[in-house]
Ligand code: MSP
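Read the single chain below, which is given as structure tokens and is the form predicted on its own.
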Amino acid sequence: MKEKFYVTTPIYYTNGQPHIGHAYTTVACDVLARWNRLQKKETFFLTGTDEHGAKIQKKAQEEGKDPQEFVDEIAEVFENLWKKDKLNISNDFFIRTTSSSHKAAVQKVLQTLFDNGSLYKGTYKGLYCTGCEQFKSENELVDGKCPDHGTLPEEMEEECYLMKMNRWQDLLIEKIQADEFQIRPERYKKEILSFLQSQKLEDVSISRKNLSWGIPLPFDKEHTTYVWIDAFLNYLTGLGWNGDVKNIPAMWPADLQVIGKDILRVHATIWLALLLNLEIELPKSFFVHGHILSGGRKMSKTLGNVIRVEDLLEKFGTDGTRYLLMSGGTFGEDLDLTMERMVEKYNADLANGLGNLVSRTIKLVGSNEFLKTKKIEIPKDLHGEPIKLFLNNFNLHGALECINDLVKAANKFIEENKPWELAKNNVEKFEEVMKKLVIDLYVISDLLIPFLPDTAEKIKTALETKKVEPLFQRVK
């Protein structure tokens, strides 16, 4: 059987426009999907939008729109941003939780959970953060406030249906400890284990009684499905699953689910317990990344340090933006970006580095009749072991640094050998030097395919035609 790779982003909440964090996560998943396709694995890459819940209903009302109209508009913006002329995302499917197929599958799952005794009617009392759309325990708060939204949660008590959680606590600890279910980087594994070992998992509310914008429970139409339960099931319904627990898609389990650190806990508890209650295999791994900061601080309109994806695309283009997002720091850590540093990096690595290497090499090759017509033998396996190791371990930043080192080495080789002088006084040596540079460019272009797909294609075309257009212009 062909080896598979199934990767997911979180589905993005449609209460606002896509931002740089959405772009970062999605480009990272795209790089991994493209890499695994190059390894001849059967690959499926899923992303999409999460479109139900109280926050959406409130936002739509504020704008005087029907909730469906509101989410339709936002979902379209997300889909447009992923297109080839924007961020060039190669997702196999874009899931929307308001689709009729997803809603039908969710209802079937809820009925299964109710029938197998995993759900029961009760009352939930706790501190509710509207921003997170979830209840918070006291120890999750900082000075009594939600750490993500800086707001005081509201004390809430309401009739609801609850899902059994505690019975899975020991099993979750066991699976995470043994890496049967992996959480990476390691510190996030430790964080979740510490949480599970120090606190009893409480049964969680999976419904809201007085919220119309949601999927009605099939066994109690007065309740709609709590947004997290609805959203989590996208990872299965996005594969075309209809909710039948006896007929799970062949691509399941997910090999990798990429999530931000702020949603790790709900994924590692509610999502996994939901699957265990359904007797469905757990995903193989989570990879958790940090937040994107600017100048060491969270981006905010008040501070004036927000970096818009649209501004990056306008200034640096598609591949330039992808490169800057993926090379801005270690994948898994917080990322600190400023426009000034990105301009500097773009000019150094892409305009002066890669762009200059391609331009000089192709022009020199094109100036020699022998090289223009001779077919240079290219090694079959262009994916060196270091790159394989980096990308198979989700070290995107390390892989790009490795590629950039090849570019720097090739540029240094040009400076040391001065092929423009060899062309005049030592043609044999000139051809030897240029063959090496051509092979270097083939290797570099091949390694760049997951990161900068358009640029990789342009380099290969230039090598074939011996003509080159400037790849990256310097920016200010």
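Fair warning: this is a prediction, and the values are worked out from it, not measured in the lab. The numbering used is simple: start at 1 and walk along the sequence shown.
This next part talks about the form predicted in complex with the named molecule, which is not shown.
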| query | Which of these stretches, 283 to 291, 153 to 161, 336 to 344, 178 to 186, has heavy atoms within 4.5 Å of the named molecule in the predicted bound form? | reply | 283 to 291
| note | the named molecule in the predicted bound form has a heavy atom of only one listed residue within 4.5 Å, and of 262, 310, 202, 72 that residue is 262
| said: So the named molecule isn't shown here. In the predicted bound form, which residue out of 232, 213, 128, 114 has a non-hydrogen atom within 4.5 Å of it? | reply: 232
| message | I'd like to know if residue 462 sits close to the named molecule in the predicted bound form, meaning any non-hydrogen atom pair within 4.5 angstroms. | response | no
| request: Report whether the minimum heavy atom distance between residue 50 and the named molecule in the predicted bound form is within 4.5 Å. | output: yes
| query | Heavy atom to heavy atom, is residue 397 within 4.5 Å of the named molecule in the predicted bound form? | reply | no
| request: Look up in the predicted bound form whether residue 21 has a non-hydrogen atom within 4.5 angstroms of the named molecule, and give yes or no. | output: yes
| task | Please state whether every one of the three residues 4, 33 and 393 places a non-hydrogen atom within 4.5 angstroms of the named molecule in the predicted bound form. | result | no
| task | Select from 2 to 26 the residues with a non-hydrogen atom within 4.5 Å of the named molecule in the predicted bound form and write them out in sequence order. | result | 10, 11, 12, 13, 19, 21, 22, 24, 25
